[in-house]
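First, one chain by itself: the form predicted alone, in structure tokens.
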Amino acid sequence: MYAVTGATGQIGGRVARLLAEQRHDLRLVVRDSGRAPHLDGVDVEEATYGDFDAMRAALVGVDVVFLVSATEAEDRVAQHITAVNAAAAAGVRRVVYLSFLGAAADATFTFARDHWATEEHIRTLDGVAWTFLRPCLYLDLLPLWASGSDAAIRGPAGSGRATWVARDDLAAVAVAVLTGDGHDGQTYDVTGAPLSLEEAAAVLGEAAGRDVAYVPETLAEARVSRAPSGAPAWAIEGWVTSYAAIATGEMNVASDTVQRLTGRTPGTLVEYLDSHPDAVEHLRADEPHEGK
């Protein structure tokens, strides 16, 4: 029996659908069952990561759980710890955790530090095998990094590159790891082709039929430019340091994980935009969408 958490989201939903297509015994663990994918013969249980009793009840009878990381929050690590403790208490034998590239206590990207802390706790669970998936930034979200009336990408990424990965590729890797053997105790970087923000801007501009530029910012400028969003300081710091981690090279990690585990070549930004032309619709409009 497999369980997928976060199945109402982009990654969990993809993984759930692939497992259902393969006819695996499957349970979805979600906060709101009304938003869960409608998959024939699939159980749906409601629970939040911070609710130990609900998570344990939802995972009783489950052998392997795909734990999608929680939405960014100040207490995200505490939520994760509660959820994995509940999984262990429910008798789950294996956890496949959706972490992040470069997860470390001193990672430049502050949210990657949350993933490292979660990984460290999972390692301590007695009788629970684990596999960590560490994807780079999502290729699917790259078009939204261009925003404003001038359709520019702004941030402190310098001339660094990131090995952006498509969500479909990540989901395929997750299913291969969940259903295959030999992955216990493994940490997989899940990456695609390297691309700088200047290179990405050129590709986005070509697809949108207009000039799209990358405008480098300092860390201080980036914090100030995002302050009007009204987001809390910890969230702004996460946004800003996602760019800063590109500048340091922490996001430019090559891996053969997608090819080796799925047999598919990781998708590129050009390929993604060819199959999702609406991804740059906000750049074609007179008043593009304001992103972070």
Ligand SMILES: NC(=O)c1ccc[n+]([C@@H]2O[C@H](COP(=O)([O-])OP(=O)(O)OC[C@H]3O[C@@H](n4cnc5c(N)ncnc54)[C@H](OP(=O)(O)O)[C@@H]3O)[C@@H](O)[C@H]2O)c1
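One rule holds for the numbers: they count along the sequence shown, beginning at 1. Owing to the predicted nature of the structure, the values given are computational and were not obtained by experimental measurement.
As for the form predicted together with the ligand, it is not shown, yet the points below apply to it.
Scanning 196, 79, 85, 108 against the ligand in the model of the complex with a 4.5 Å heavy atom cut-off leaves one residue, 79. This chain lacks the partner; the member of 167, 113, 94, 161 within 4.5 angstroms of the ligand in the model of the complex by a non-hydrogen atom is 167. Using a 4.5 Å cutoff between non-hydrogen atoms, residue 72 counts as a contact of the ligand in the model of the complex.
The closest non-hydrogen atom of residue 62 lies beyond 4.5 Å of the ligand in the model of the complex. Though the partner is left out of this view, residue 252 does not reach within 4.5 Å of the ligand in the model of the complex, counting heavy atoms only. Shown alone here, residue 104 lies farther than 4.5 Å from the ligand in the model of the complex, counting heavy atoms only.
Heavy atoms within 4.5 Å of the ligand in the model of the complex map, among the stretches 119 to 127, 96 to 104, 206 to 214, 177 to 185, onto 96 to 104 alone. Contact here is defined as any heavy atom lying within 4.5 Å of the ligand in the model of the complex, and by that definition each of 9, 35 and 138 is a contact residue.
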